[in-house]
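We begin with a single chain expressed as structure tokens, specifically the form predicted alone.
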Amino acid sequence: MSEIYQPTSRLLRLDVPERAATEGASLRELERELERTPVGPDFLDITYADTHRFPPDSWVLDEFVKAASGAGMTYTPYRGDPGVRRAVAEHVSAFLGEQLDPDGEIILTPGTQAGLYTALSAIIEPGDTVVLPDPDYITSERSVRYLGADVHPVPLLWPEGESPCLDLDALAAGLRQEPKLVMLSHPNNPTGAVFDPSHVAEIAALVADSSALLLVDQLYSRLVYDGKPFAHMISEAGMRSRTITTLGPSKTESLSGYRIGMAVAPPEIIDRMEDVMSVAALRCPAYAQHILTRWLDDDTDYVAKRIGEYQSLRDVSVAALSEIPGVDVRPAGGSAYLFPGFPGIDATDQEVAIALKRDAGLVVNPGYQFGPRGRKHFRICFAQDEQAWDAALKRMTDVLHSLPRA
């Protein structure tokens, strides 16, 4: 390491060195080992969707070009173009079932990742406690630790044949510690778990009876399968004034390259999120903002078709993985992910991820990236070209069959 440059303590917290006690190395050390592993033949990165096979809706590029050709502002307010926010407020209000103020309760962000970071930066400070499901989104724990707060994990439970849920006793215990924030993804990333509306109400009731705020990442809330109902945390009793919701078209609508997202929050939090934006990114990409004027409105048929295509890929994937001895998989209720466990295979998540990359050419997310309860799992994104995915599942199956059994 250079004698001139020394990484800051907050950067070192991104390594999550605490995990070395159970994994033998920090998270970043494990990830760098995986990154250095040579990739095998027929390379396919299945940590994200194939946006060439599943492109954005046909009108998206036209809207972007129109804005870039003079119809849109170049330097918008930090919280976003006022006209875009008015259109977004109308459509998101209908989606969430809550009437939103475009000036006070909405901010446009450079993707939902920026929305999460901006919200966390506006809310928590060193020494605070954040309640977080385990497992949950890959950057959640790291972002919290980067900002100097502590994580109180709450197990995400999904017994076979039952609906997924948070451990409510553990959540209640965490709330008794007076955390600043409860943070979760819903649908859950990495598992694809979608909570029954009755369970959403149970979570909301516990949070509403505490002093905590709630930050919910609903990036995949349009991508829900089997006709399952989806309940929004913000709409539960007592939650409007304490909930921050992040949404965006990056995944379901294949717009990740446009870097657009948004957040809904009480006005006093939006004001502070805008303050963070003013020093971090200035604004959501100005021309891309205009795509949001038609999002949640002109893309309903497109999304319905996408759900059908992804659900077919999910079912094919679950069927293939379920045939492998020692592997256990739950069908995702939402998102484009599966999170197979392998209790019957004598290998760590790192060893499985390395074997899949080296021998099958497949890049996956090892389960340790999502929390301690992610151990002995790996995450895959099944939103792939069907022909390529069939071949990938065959290679995946061969590698998993080749590993020693527990």
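Quick note: we count residues from 1 along the sequence shown, nothing fancier. The shown structure was predicted, so the numbers you read here are calculated from the model rather than taken from an experiment.
Here the subject shifts to the form predicted together with a further copy of the same chain, a form of this protein not shown in this document.
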{"item": "Contact test in the model of the complex: residue 394 vs a further copy of the same chain, heavy atoms, 4.5 Å", "value": "no"}
{"item": "Exercise: residue 348 in contact with a further copy of the same chain in the model of the complex, heavy atom 4.5 Å", "value": "no"}
{"item": "Distance check, residue 59 to a further copy of the same chain in the model of the complex, heavy atom within 4.5 Å", "value": "no"}
{"item": "Contact of residue 126 with a further copy of the same chain in the model of the complex (heavy atom, 4.5 Å)", "value": "yes"}
{"item": "Options 197 to 205, 152 to 160, 135 to 143, 170 to 178; stretch whose heavy atom lies within 4.5 Å of a further copy of the same chain in the model of the complex", "value": "135 to 143"}
{"item": "Site check 6, 70 and 283: each within 4.5 Å of a further copy of the same chain in the model of the complex by heavy atom", "value": "yes"}
{"item": "Candidate from 235, 93, 293, 121 lying within 4.5 Å of a further copy of the same chain in the model of the complex - any heavy atom", "value": "121"}
{"item": "Among the candidates 271, 315, 226, 298, the residue which, in the model of the complex, approaches a further copy of the same chain to within 4.5 Å (heavy atoms)", "value": "271"}
{"item": "Within 4.5 Å of a further copy of the same chain in the model of the complex: residues from 51 to 87 (heavy atom criterion)", "value": "51, 52, 61, 64, 65, 68, 69, 70, 72, 74, 75"}
